[in-house]
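Here you get one chain, nothing else, as structure tokens; it is the form predicted alone.
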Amino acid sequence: MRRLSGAVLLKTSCGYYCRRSYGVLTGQQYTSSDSKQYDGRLYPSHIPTSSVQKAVLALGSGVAALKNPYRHDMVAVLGEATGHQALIKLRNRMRIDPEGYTILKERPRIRLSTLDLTQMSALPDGTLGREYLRFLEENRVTPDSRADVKFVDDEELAYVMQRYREVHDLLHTLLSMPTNMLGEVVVKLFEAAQTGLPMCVLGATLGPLRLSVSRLQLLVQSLGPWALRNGGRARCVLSIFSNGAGSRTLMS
């Protein structure tokens, strides 16, 4: 397994540690005055929902995501509508990790505006920063495409969900997985073992149904067990990538 030994470049005026303020992603704790500022919402993008409404959202988004796994908007809604208990466990894991605790306090973002792309492109091959940038370029993706959290009724848990989304492409880089269906299923298996999010478990369970026979065989015999094994024993990835210079290497 490729494992982390560094983090991406996060550009600030005082080094490469990132603290961004994007509504739910500020470093401040929620107060009653925030509720008034956001008209009763916990953060700018928040849409309060009841348990019944969440169940309807989960059902509708689940059906849509099953029909088209690349409907990232529906996958996002499914994750938010079903992930409350898993997010609590993730948040608690981050709290007992020194770096994770700092991340929860400082709320770093992974966005194009926080990445020093020029310096990342100058890093040697095999470093996390350079390989992550290569992944973005080759697959024509951007961390800015990750949707803002809307349906999580807790400000801190909303940040945990947002962070989960923003480290997804870094996981592709660390696991050397492409963005095709096989690669996405392998990443989902790793994420399912790591996070316990129902959306990840569902994707890891149903995704293989869309694979060809040869790729399904590869998943079952090799990549699947590898992803589950390493996802279960690895450090929580949400508690990593918070600082550093991105120049450290990815080791096999």
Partner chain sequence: MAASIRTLTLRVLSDFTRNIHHVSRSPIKHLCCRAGFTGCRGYSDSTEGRSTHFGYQTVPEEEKAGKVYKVFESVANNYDVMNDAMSLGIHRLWKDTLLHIMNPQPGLRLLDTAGGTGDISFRFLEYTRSMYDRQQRMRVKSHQTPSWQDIADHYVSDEAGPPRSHAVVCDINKEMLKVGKQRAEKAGITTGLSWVVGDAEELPFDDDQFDIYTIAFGIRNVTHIEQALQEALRVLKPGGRFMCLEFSKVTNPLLARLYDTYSFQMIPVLGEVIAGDWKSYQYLVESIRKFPDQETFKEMIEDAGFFCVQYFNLTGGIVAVHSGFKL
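What you see is a predicted model; the values in this text were computed from it and never measured. Numbering follows the first chain given and starts at 1.
There is also a form predicted together with the partner chain; it is not shown, and the following applies to it.
With the partner removed from view, the residue among Gly196, Gly60, Pro225, Gly183 that has a non-hydrogen atom within 4.5 Å of the partner chain in the predicted complex turns out to be Gly60. Taking Met74, Leu123, Ile103, Leu87 one by one, only a single residue has any non-hydrogen atom within 4.5 Å of the partner chain in the predicted complex, and it is Met74. Heavy atoms within 4.5 Å of the partner chain in the predicted complex map, among the stretches 107-115, 93-101, 147-155, 164-172, onto 147-155 alone. Not displayed here, the partner chain is approached by Thr49 to within 4.5 Å at the level of heavy atoms in the predicted complex. Though the partner is left out of this view, Leu66 does not reach within 4.5 Å of the partner chain in the predicted complex, counting heavy atoms only. Contact between Val56 and the partner chain in the predicted complex is found at the 4.5 Å heavy atom cutoff.
In this stretch, 167-199, not one residue has a heavy atom within 4.5 Å of the partner chain in the predicted complex; the partner itself is omitted from this view.
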